[in-house]
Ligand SMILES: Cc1cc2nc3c(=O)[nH]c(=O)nc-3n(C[C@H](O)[C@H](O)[C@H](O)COP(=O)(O)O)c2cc1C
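Here you get one chain, nothing else, as structure tokens; it is the form predicted on its own.
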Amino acid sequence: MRVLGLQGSPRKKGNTYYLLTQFLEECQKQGADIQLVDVCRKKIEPCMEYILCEKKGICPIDDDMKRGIYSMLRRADVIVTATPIFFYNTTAQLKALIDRTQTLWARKYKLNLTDPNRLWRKGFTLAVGATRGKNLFEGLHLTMKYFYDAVGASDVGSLTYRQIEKPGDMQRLPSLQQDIETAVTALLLPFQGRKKVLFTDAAGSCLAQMACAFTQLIAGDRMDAVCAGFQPSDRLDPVMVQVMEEKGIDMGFRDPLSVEDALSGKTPDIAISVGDVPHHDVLPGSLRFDTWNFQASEDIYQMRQVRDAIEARVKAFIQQSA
């Protein structure tokens, strides 16, 4: 399982940073792969309302959203967002990131495409505020509800703390570690015990992507499916993307990965080569290996047949593995 932390405070090691890092460390302790994005140190331009996202599902702004953050959001099983309260909401830097996820919202609600992980992904919020006002977090909760919907996640909870202002206030909070342990245990429970399945092909850009997407869509609650290439391409196969979109499945921002990056040091329970690339000599450990003999094509009619055949094979595989 993959947990992405979004650090929204301009202070490098303030109370928000401490809260998030403690939360991520507990996630790691409970078996998650963690990644932290320091939002305020990234180049994220504000939304300029170009409307291209609602027409084509892409944002033309060339910054760190395009160069990685969209893909990180798509890979994550859990998105944890941390922020101090500025005028009853997030920091401006984090709000810029949130606004730019209009691109992901548009792919779902304007282009009618479904991210394969949408049914299973979770969103969780961490926040600190300097005052003790009753309504301190109300604006934040409303913003986060729609942010998580835009990125394809269920808003499942939060930890919020009032009267946190001075350096070290979070460290001195006696209930913090128990709060975090309880929250993380509940947050990660749906992902515990899933079988890790690795799909591979030569470039990680076509056949394995389809098999992985169908597995995530159908059985993401039971299987942690990832895909990779032994020589990863720098982009997805455009014909594959088109035929999957015909089925309403969104392949946007699913960058081809190497086997090492896809597994993050973990050994899969099942490794399936979707093509003619054997990996018995590459992956260590005691694994169940399988090979699905499919061939990609540049012809869209043939690729539709391959897509449907892979979908049928995935359904049979899931049924056999239940």
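One-based numbering along the sequence shown. Here the structure is a predicted model, which means the values were calculated and not measured.
Omitted here: the form predicted in complex with this ligand. The next part is about that form.
- In the predicted complex, this ligand sits within 4.5 Å of a heavy atom belonging to L136.
- A residue is said to contact a partner when one of its heavy atoms sits within 4.5 Å of a partner heavy atom; Q231 fails this definition for this ligand in the predicted complex, lying far away.
- Contact between E165 and this ligand in the predicted complex is found at the 4.5 Å heavy atom cutoff.
- Contact check for A219: no non-hydrogen atom falls within 4.5 Å of this ligand in the predicted complex.
- The stretch in contact with this ligand in the predicted complex, judged by heavy atoms within 4.5 Å, is 79-87, chosen from 236-244, 79-87, 193-201, 115-123.
- Only one of A130, L173, I249, A183 lies close to this ligand in the predicted complex, with a heavy atom inside 4.5 Å, and it is A130.
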